[in-house]
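Same chain, two versions here, written out as structure tokens and called structure 1 and structure 2.
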Structure 1
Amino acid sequence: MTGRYPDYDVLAKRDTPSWNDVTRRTVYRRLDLPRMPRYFSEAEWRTLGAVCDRIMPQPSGRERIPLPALVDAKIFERHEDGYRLASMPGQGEAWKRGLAALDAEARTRHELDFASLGPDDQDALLRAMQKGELTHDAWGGMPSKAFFEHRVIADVTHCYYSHPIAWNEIGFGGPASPRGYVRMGLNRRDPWEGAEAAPGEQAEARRINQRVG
């Protein structure tokens, strides 16, 4: 893999003192999530997949983070935020209504459902949602801007950065109990942290990262 932290893999540390049992159980469960809808219908799942691809497009050449499965699991397993805006229904209902409304908007503008649009048209619709410009009846009074901020952006990006592949991408140390860290100051790296590639020096970082553990 290329990028800033070539070949850095948080999972390489899973049997080191940086991971304890409960962390292993937790992360393995996440990696093994069923790749099919348990909360959403097939049609909603398709729209959700298209939304995820635009909110967090994923580079080719590496395994994909299963975003729709993670979002579906959040709702199916009742992973709650602890609040809702007065103008919004609960998370599951908000998602169902929002995805249906997005399809309705796409059909009104393009006579296609959202997943069948090209990326530019999809982005244009998402941007309109972000600005609160979508007002089709299918929203049922839920402000499209609130749906974008509190559901679409929050859920999709949180799911993305709950996954070890995302941790590798940004050079996050990942799980760290019981070992923790020793080298705290600026420009200090413990041997069990990923090395960042200086411009043009991918090979050196790769060599170090293959031994992180």
Structure 2
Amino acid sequence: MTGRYPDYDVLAKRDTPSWNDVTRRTVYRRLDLPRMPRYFSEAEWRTLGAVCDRIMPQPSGRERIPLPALVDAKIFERHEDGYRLASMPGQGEAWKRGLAALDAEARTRHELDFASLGPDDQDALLRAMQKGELTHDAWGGMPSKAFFEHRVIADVTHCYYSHPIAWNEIGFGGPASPRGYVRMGLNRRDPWEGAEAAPGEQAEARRINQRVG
């Protein structure tokens, strides 16, 4: 592996005191998510995948985080936020309406659905959504800016960083149950956390990670 935490793999903790059985089952369920939609239609799934690719582009050379599957699971398994804006429907309906509206906007501007557009045109539509400039009737009164801020950005980024592959990228030691974290001060780390490598120092970080496990 390369990057800031070379050779660090949070899943090496699966059989250590860092995780208990509840933690293991939770992480395994996340790793074993179906890669086909359970809540979304095939067309919505395709648009969702294109949105995820633009919001959180993933590096080559490593396994991809299944972002559409994670978003789909959040809705299908009814992991609600516990609140919503008065101007927004529930999360599932908001996503269905937002994806349909994004396709409608793409067809109006380019005569193609969103997933068929090039990256520049996709980004232009997403920026317009971010500014609240998308107003097609397909939005059904849901503000495009609110959808971007409270569903697209929130759900996609939260799902990304809920996955162990993302934990490896940021050196996160995973769930704190039952071991917990002790060294909470700035620039301090527990011995079971990944050692960050500055540019040119990957080899030293690799030796540290191998030593502490």
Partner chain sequence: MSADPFAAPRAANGRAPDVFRHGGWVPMRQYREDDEVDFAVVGTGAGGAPLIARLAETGFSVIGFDAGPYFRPLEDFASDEWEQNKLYWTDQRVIDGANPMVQGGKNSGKAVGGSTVHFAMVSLRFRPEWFKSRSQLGYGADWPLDWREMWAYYGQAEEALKIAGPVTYPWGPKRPRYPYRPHELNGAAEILARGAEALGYKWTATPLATVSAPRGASPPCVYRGFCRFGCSTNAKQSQLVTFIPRALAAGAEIRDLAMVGRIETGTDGRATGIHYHREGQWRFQKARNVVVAGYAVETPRLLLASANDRYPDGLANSSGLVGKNLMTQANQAAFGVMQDEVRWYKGPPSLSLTEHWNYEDRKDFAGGYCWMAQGPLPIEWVTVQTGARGIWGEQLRREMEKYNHQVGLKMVGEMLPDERNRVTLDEERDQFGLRIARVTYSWGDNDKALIRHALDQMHWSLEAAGATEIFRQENDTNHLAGTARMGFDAKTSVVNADCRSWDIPNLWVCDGSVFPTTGGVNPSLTITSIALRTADRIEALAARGEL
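Superpose the two forms; the largest set of C-alphas matching within 1.5 Å is the rigid core. FYI, numbering is relative to structure 1, first residue = 1. From a predicted model like this one, the values you see are computed outputs, not experimental measurements.
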Looking at the two shown chains, say which is the form predicted on its own.
2
Core-superposed comparison between the two structures, G180 Cα displacement 2 Å or beyond:
yes
Superpose on the rigid core, then tell me if the C-alpha of R24 is displaced by 2 angstroms or more between the two structures.
no
Determine, in Å, the CA shift of P191 between the two structures after the rigid core is used for superposition.
2.9
